[in-house]
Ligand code: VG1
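Coming up is one lone chain in structure tokens, specifically the form predicted on its own.
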């Protein structure tokens, strides 16, 4: 016990839970599930049993401020103290964005961290809660570790907890819990310093002073304090440029999901005749972003490609990129940039840990997912506010509007028309049956003509990690056409109610005369083909998706 007073450590008898398998984003459940007796304690003890850290090790702890964050924080601290952890670095008020947690882990050299978040999922008493483990590199725990945590959770019979007063998380400084030091840190300071080392803050201050305007929607989530400090205080954006900047336990009643549906107030602002020059939003834990110009939406796939094409305009990337990576469902727009730059482009499964291996090995500099996540080698998580600052630096350097930059990009590289249709809250059995039926048909599709396109291949994506040789299979069903168009279907692992089926449709258009087309119009034939092939309406009863991006 590393000298902890034995009388203060309780060993509590418990029974294992069978539903604590962490996904790619950790363990996510309804708040009511986490509040069951012993549920959170069992999972946290399983984490410490599996990590088996040397006595005196240090960890980082914080979250997105959602409902149950403060209560879970105290439970984790007391179990950590009872398990011999020597030091916990805790974000003030329990606040620490996911990319900031990665930054602190890396800068302070801790053994890893525990992040309390369910990302873009709804908050509040009826909402969702989540907990995930980050490794010493600052990135999500590898699947070998999460599977070991799950295996331990199914056999756990006792957990250890320290009887001690709660830590006051709103006061900076160190306190003692048993023999463990709890240090409450500024959640913004280390992260803001890192951003200032990457981007040209002097140029950005001048750009704002010249009259440049933005609207940043923090969605009452974790990035509010970060955005106010960096955008308004350090860069000089006018007060009020950050909206919904105060974190709330229920995120103001809206899911903190930065898309065209849930960030509707920002969308309305950017569609006005007097709209600011730039609009952006980030999600619950700060790792996702949405980018907007005046009456112009930038898809996450295009955003990654534009950042790659313009990276040398930014001080932190002035020497160029080692390589880029994208998740398989993400459009191939960045592939064309990589080809022209003469650098590698990797296609990975969905899940940031796959990028982590490539980043740690020095094979890539930038990476991104179509689900509004973008990042680089500065941390080992996707980073929403970093992407916003990257865009701002490009805008200040080029002195052009967002729309002009994107349209010039299309003229240079061609346009990838791309859309994602989400069908949320499906019956899991029906969703699996739908995919199984399509899986059976994939081998018979090559050579078939669908509309004006001929199918080249139908397959299920699998990935062999070029760094460690690990194999990831069952990563999504793909229908690939001879002209480069694609249809992809996969189940998302981020929801807590029912199943979320995601349909992705992509087609490349080299002709600038057609780049003005509406995305849904340009892809209408492929979307109809995808619905017919997958039988989504008939098998799910859904006549329309829940969200279109």
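Because the structure is a prediction, the values reported are computed rather than measured. Residue numbers count along the first chain shown, from 1.
The form predicted in complex with the named molecule exists for this protein as well; it is not shown, and the discussion that follows is about that form.
At the 4.5 Å threshold, heavy atoms of residue 520 stay clear of the named molecule in the predicted bound form, well away from it.
In the predicted bound form, the named molecule stays beyond 4.5 Å of every heavy atom belonging to residue 14. In the predicted bound form, the named molecule lies farther than 4.5 Å from every heavy atom of residue 335.
Not displayed here, the named molecule is approached by residue 351 to within 4.5 Å at the level of heavy atoms in the predicted bound form. Note on the interface: of 279-287, 188-196, 213-221, 89-97, the segment with non-hydrogen atoms within 4.5 angstroms of the named molecule in the predicted bound form is 279-287.
Interface residue among 380, 78, 326, 120, judged by heavy atoms within 4.5 Å of the named molecule in the predicted bound form: 120. Of the candidates 478, 244, 152, 420, 420 is the one whose heavy atoms come within 4.5 Å of the named molecule in the predicted bound form; the others do not. Along 358-386, a non-hydrogen atom within 4.5 Å of the named molecule in the predicted bound form is carried by 369, 370, 371, 382, in order along the sequence.
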